[in-house]
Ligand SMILES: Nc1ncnc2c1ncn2[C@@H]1O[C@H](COP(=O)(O)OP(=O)(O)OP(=O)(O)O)[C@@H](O)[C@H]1O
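Take a look at this one chain, the form predicted on its own, written out in C-alpha cells.
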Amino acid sequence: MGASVATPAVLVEDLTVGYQGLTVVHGISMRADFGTVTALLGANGAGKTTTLMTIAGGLRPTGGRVEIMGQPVNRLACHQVVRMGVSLVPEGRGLVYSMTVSENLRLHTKRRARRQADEVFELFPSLRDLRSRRAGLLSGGEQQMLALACAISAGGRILLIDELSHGLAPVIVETLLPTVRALARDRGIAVILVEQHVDAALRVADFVYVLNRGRVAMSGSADEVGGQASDIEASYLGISAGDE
C-alpha cells in the first residue's frame, strides 16, 4: 500500500447514495492508492456498483464526499471526472458492438496518447489479430479484454472495473487477473475492482472492502481478509462450501 500520508487516488468519506428516495449506500468510507488494487466485495445489492458509479460521476451523493487526487468531485459530471484521469469498465463492458476492435479503441484513445493503442496490444496480444473484427462477434473473454484495453487507452491513472469475471469462464478470468495486477504494479495505476468472487479478487488485491447492505462490513489487507474468506462467503455472500 502507498504511504498513509500520500494523497490517495480516490478518497470516499461517509458516502451516502440512493435512488428515488431509497438509500442504497449508507455512510461508506474507503480509499484507493496509486500502484494498488482495491477490491470491493459483496453480494448483489450490497452497494458495490452504486459506489463505483458514484466515484465515476454517474450518480450524485446525497451525503458525504468523493475526492479524486484530493479534489472534490461530488458536483462533477461523468465527462469531467474522466478528464481527471478516471476510466470505467462497466459490467456491460460499454463497447460499441457494431464497430471493430480498432474503431472501439480509437473512440477512447486521446490524440496525444495514440501510442497507447499499440501498447494495449502488448497487454492483450490476441486482440492484435482481431483488430478488424466487430466487437459483437468477439467471445465474452475477448470483449472483456477489449473493454479493459479501451479503458487503458484513455490514458487515465485511475481504473474502475465492475465485475471483471461476470459471464466468463474461470480460465478466462485467470488470464485477465494478472493484467489487472500488472497495471497497478508496473504502471502505478490505482485500480478499484468490484467482484462477487472472493478468491479471484483476493489473488490480485492489496486492500479489500467487504460491503453488506450498503455498509462496510469488513476491511483490511488482502492477507488479513483472505484468512476470513470462508466467513465472508458464508456471512456476506450467502455461499456455503456445498455451493461450490
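Numbers for residues come from their place in the sequence shown, where the first is 1. All values derive from a computational prediction rather than experimental measurement.
There is another form of the same protein, the form predicted together with the named molecule; it is not shown, and what comes next is about it.
- A heavy atom within 4.5 Å of the named molecule in the predicted complex is found for exactly one of L11, A222, I232, V24: V24.
- Of the listed positions (A46, V180, V208, A56), a single one reaches within 4.5 angstroms of the named molecule by any non-hydrogen atom in the predicted complex, namely A46.
- Proximity of E91 to the named molecule in the predicted complex falls within the 4.5 Å heavy atom cutoff.
- In the predicted complex, every residue of the candidate spot (Y19, T50 and Q196) has a heavy atom lying within 4.5 Å of the named molecule.
- Exactly one of the stretches 37 to 45, 200 to 208, 171 to 179, 66 to 74 approaches the named molecule in the predicted complex with heavy atoms within 4.5 Å, and it is 37 to 45.
- Interface residues of 162 to 191, taken as those with a heavy atom within 4.5 Å of the named molecule in the predicted complex (partner not displayed), are limited to E163.
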